[in-house]
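Let's start with one chain on its own, the form predicted alone, as structure tokens.
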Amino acid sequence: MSCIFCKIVAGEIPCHKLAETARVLAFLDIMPIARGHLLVVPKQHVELAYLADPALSGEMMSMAVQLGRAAQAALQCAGMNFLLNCGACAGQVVPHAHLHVVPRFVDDGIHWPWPQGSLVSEDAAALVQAITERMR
């Protein structure tokens, strides 16, 4: 087993645990981008979040919401990012699904360099059809 998050779940690598259920574990990120940055991971190995069972994803989000509220109260942060990166090209570094909960502070220097595009009406209908006909 070479997955660092699987090793954390198995207790082979220590973590600063915040919360745990039978299927989900939350702990502080050891390379935080902000004070209080935490991760919520499924205990079973799932490489990409969108491949997880929807109920498991729901448990992850539920725990993230509870911890986000607690972090906001504890840190008095001005906002919060909930981030799921799926795949290396999307910024996923560890190939085990994980939900980042990042407390945000005014003038914290964190910026998202996402350029905004525009949705072309002709493309929208084709996208809706292509995506919805593949829903399971």
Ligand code: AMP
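These figures come from a predicted structure and were not determined experimentally. From 1 onward, residues are counted along the sequence shown.
Below: the form predicted together with adenosine monophosphate, not depicted.
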**OP:** Just one of 106-114, 86-94, 47-55, 64-72 has residues with a heavy atom within 4.5 Å of adenosine monophosphate in the predicted complex, so point it out.
**Re:** 86-94
Original post:
At the 4.5 Å heavy atom threshold, is H100 in contact with adenosine monophosphate in the predicted complex?
Top reply: yes
Subject >> Contact label in the predicted complex: K43 to adenosine monophosphate, heavy atom within 4.5 Å >> reply: no
Original post:
Even though adenosine monophosphate is not shown here, does C6 get within 4.5 Å of it in the predicted complex, heavy atoms only?
Top reply: no
**OP:** Report yes if any heavy atom of A78 sits within 4.5 Å of a heavy atom of adenosine monophosphate in the predicted complex; otherwise report no.
**Re:** no
Original post:
Are there residues in 35-50 with a heavy atom within 4.5 Å of adenosine monophosphate in the predicted complex, and which are they, in order?
Top reply: H37, L39
